[in-house]
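One chain comes next, on its own, written out as structure tokens in the form predicted on its own.
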Amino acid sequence: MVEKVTTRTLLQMKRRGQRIVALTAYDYPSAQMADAAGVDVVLVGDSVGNTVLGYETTLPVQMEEMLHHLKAVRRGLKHALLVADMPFLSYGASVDDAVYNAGALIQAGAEAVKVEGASARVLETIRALIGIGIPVMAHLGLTPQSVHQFGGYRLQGRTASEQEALVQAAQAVQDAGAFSVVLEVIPANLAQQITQSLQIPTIGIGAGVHCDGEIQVWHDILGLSAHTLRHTKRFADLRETITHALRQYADAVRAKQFPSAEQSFEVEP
């Protein structure tokens, strides 16, 4: 019997040097498939805005949308640790709002929440959530909710001062009580340095192979996204496969080849 993955499991995996596999999912069947594949952590990311809802960024995603997709994933997931992103403005403005919104995600089935950044307000929020029993995954480097502040989706940690700030931020989120930290689009050698300096697991995306684990977006690795990013890899090309199947369906319907007698029903007159 496969054991349920918990936050404690991830810490044990880091100590054993066992890599953590994390993946986003946004609905019931994708959750089932992630579980069947043995994924350790499933994130219902606010990347649902880009991948499923058609937004240009993650910023328009609302709590109601996160809760809707979270509940679907919860119903399909049995083994993996389920983490939910806290969307833009669901935290950061006030700690009380953050506690309320994180509580709503936990009540909808999340086993932990993820927040971006390491500002004083975010660190205060992490401590407050930990204080009421809500595990928190941190997120540093390229944090998509700060895309306008960064001036686009750019590599972070380019300069010595930026690298030092990220090292300090990683230590700060660990000290605040985060059980793990996502490192996104930062130099691989910096990610290695941070990973070696922390007791909590690091989970990379565009951060090289030396993190304790890796997270990727469902649509990117399955070839469902229209564009391929440097920090991801298509392990399948389902966009072309599905489009081809849909063309075959359309052609068969128009040619009256589908449905055939095999897919039809008859009764005696």
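Computed from a prediction, not measured in an experiment: that's the story for all the values here. Don't overthink the numbering: it's just position in the shown sequence, from 1.
FYI, the form predicted in complex with 3-methyl-2-oxobutanoic acid isn't displayed, but the following is about it.
Undergrad: Where does 3-methyl-2-oxobutanoic acid sit in the predicted complex: which of 73 to 81, 95 to 103, 166 to 174, 180 to 188, heavy atoms within 4.5 Å?
TA: Selected stretch: 180 to 188.
Undergrad: From the list Cys211, Ala34, Val61, Ile215, which entry has a heavy atom within 4.5 Å of 3-methyl-2-oxobutanoic acid in the predicted complex?
TA: Flagged contact: Ile215.
Undergrad: So in the predicted complex, is 3-methyl-2-oxobutanoic acid close enough to Ile205 to count as touching (4.5 Å, heavy atoms)?
TA: Ile205 belongs to the contact set for 3-methyl-2-oxobutanoic acid.
Undergrad: Is the gap between Val42 and 3-methyl-2-oxobutanoic acid in the predicted complex 4.5 Å or less for some heavy atom pair?
TA: Val42: no contact with 3-methyl-2-oxobutanoic acid in the predicted complex.
Undergrad: So in the predicted complex, is 3-methyl-2-oxobutanoic acid close enough to Ser47 to count as touching (4.5 Å, heavy atoms)?
TA: Close contact exists here: in the predicted complex, Ser47 approaches 3-methyl-2-oxobutanoic acid to within 4.5 Å, heavy atoms only.
Undergrad: What residues of 82 to 96, in sequence order, lie within 4.5 Å of 3-methyl-2-oxobutanoic acid in the predicted complex by heavy atom?
TA: Contacting residue: only Asp85.
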